[in-house]
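Next up: just one chain, as structure tokens, the form predicted alone.
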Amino acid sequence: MAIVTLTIDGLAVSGRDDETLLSIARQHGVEIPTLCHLDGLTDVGACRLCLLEVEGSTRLLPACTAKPVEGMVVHTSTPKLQRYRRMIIEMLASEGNHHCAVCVSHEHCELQRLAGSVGLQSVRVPYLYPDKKLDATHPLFVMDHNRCVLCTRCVRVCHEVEGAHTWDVGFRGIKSEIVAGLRVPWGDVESCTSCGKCVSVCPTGALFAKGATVAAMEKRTAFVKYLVTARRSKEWVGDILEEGDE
């Protein structure tokens, strides 16, 4: 491990060479939009919203997985990046069936907040209106594939934190979807512990508790970093949790 110095949006900063550019940027107050990233989970660079421009590089780098290099000059919010981020959010909106006004996560949805941050009022690409199903076979929770954005947070928290690996990604390309077990109804998967971690980390209304009404499903995600930190340090400190995350 070594300390490197770099420039982010004109700000001279430093960080460890084993940290990600996203982590270093946020430590110094530079906000970069993300959707698939969640503190405590392994980063996979799935959503591409955190793409950065690096001087001297011909390609954009995902901040959540890219590591710093001594002397690196990084730009996080150029017109090019803003166009790309808006386009990504438009494509996510068009690929699913997102009806915010009747969603349980209305006003608590990360995709909705991102759309607002880029001023998205209309989508320029055709809507696909896919014929996706709703799985309500679990006694406590529901999976609505119409609102899933394939961030894979549920897959990672179930595998890395709960250790059950109930969820995975099935199929390829536009047909990709989150599957339970070997693509069986969620309620039939014996590995599921009904812990609710996947529901808590879902950024949209794709996973929610039964009985939740419109705008009532406010997700709590801070527990993931808390659990991972506590396990690594072998310390259980209650005040690490934010209020309401207990």
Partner chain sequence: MSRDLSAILARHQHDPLRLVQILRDVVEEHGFISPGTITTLAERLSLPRGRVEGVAGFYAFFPTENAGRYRVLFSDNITDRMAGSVELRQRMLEAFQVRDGEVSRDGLVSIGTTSCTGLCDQGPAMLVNGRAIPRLTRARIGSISAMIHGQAPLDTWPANLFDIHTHIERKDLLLSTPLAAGAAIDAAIARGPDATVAQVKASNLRGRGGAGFTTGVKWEMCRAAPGEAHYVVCNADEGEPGTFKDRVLLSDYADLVFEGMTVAAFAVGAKRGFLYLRAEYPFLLAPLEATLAERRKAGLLGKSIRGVADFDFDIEIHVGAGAYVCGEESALIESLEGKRGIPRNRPPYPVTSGYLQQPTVVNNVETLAKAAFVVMHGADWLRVRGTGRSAGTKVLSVSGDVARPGIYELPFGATVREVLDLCGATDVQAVQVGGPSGMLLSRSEQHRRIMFEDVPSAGAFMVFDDSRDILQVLENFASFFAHESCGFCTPCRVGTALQRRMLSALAKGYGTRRDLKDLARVAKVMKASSHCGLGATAGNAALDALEKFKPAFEKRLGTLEVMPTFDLDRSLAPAREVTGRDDDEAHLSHEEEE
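This one's a predicted model, so the numbers in the text were calculated from it and none came from an experiment. Positions refer to the first chain, counted from 1.
Below, we turn to the form predicted in complex with the partner chain, even though it does not appear here.
*Asks:* Heavy atom within 4.5 Å of the partner chain in the predicted complex: which of Leu41, Met217, Val201, Ala180 fits that? Just give me the one.
*Replies:* The option sitting close enough to the partner is Ala180.
*Asks:* Considering non-hydrogen atoms and a 4.5 Å limit, does the partner chain approach Arg48 in the predicted complex?
*Replies:* It does: once the partner chain is placed as it appears in the predicted complex, Arg48 has a heavy atom within 4.5 Å of it.
*Asks:* Hey, in the predicted complex, does Thr213 get a heavy atom within 4.5 angstroms of the partner chain?
*Replies:* Taking the distances in the predicted complex, the answer for Thr213 is yes, it comes within 4.5 Å of the partner chain.
*Asks:* Would Leu134 sit within 4.5 Å of the partner chain in the predicted complex, counting heavy atoms only?
*Replies:* Yes - in the predicted complex, heavy atoms of Leu134 and the partner chain come within 4.5 Å of each other.
*Asks:* May I ask you to check whether Arg113 falls inside a 4.5 Å heavy atom distance of the partner chain in the predicted complex?
*Replies:* No, Arg113 stays farther than 4.5 Å from the partner chain in the predicted complex.
*Asks:* Is any part of 85-108 within 4.5 angstroms of the partner chain in the predicted complex by a non-hydrogen atom, and which residues would that be?
*Replies:* The stretch touches the partner through Met87, Ile88, Glu90, Met91, Leu92, Ser94, Glu95, Asn97, His99, Ala101, Val102, Cys103, Val104.
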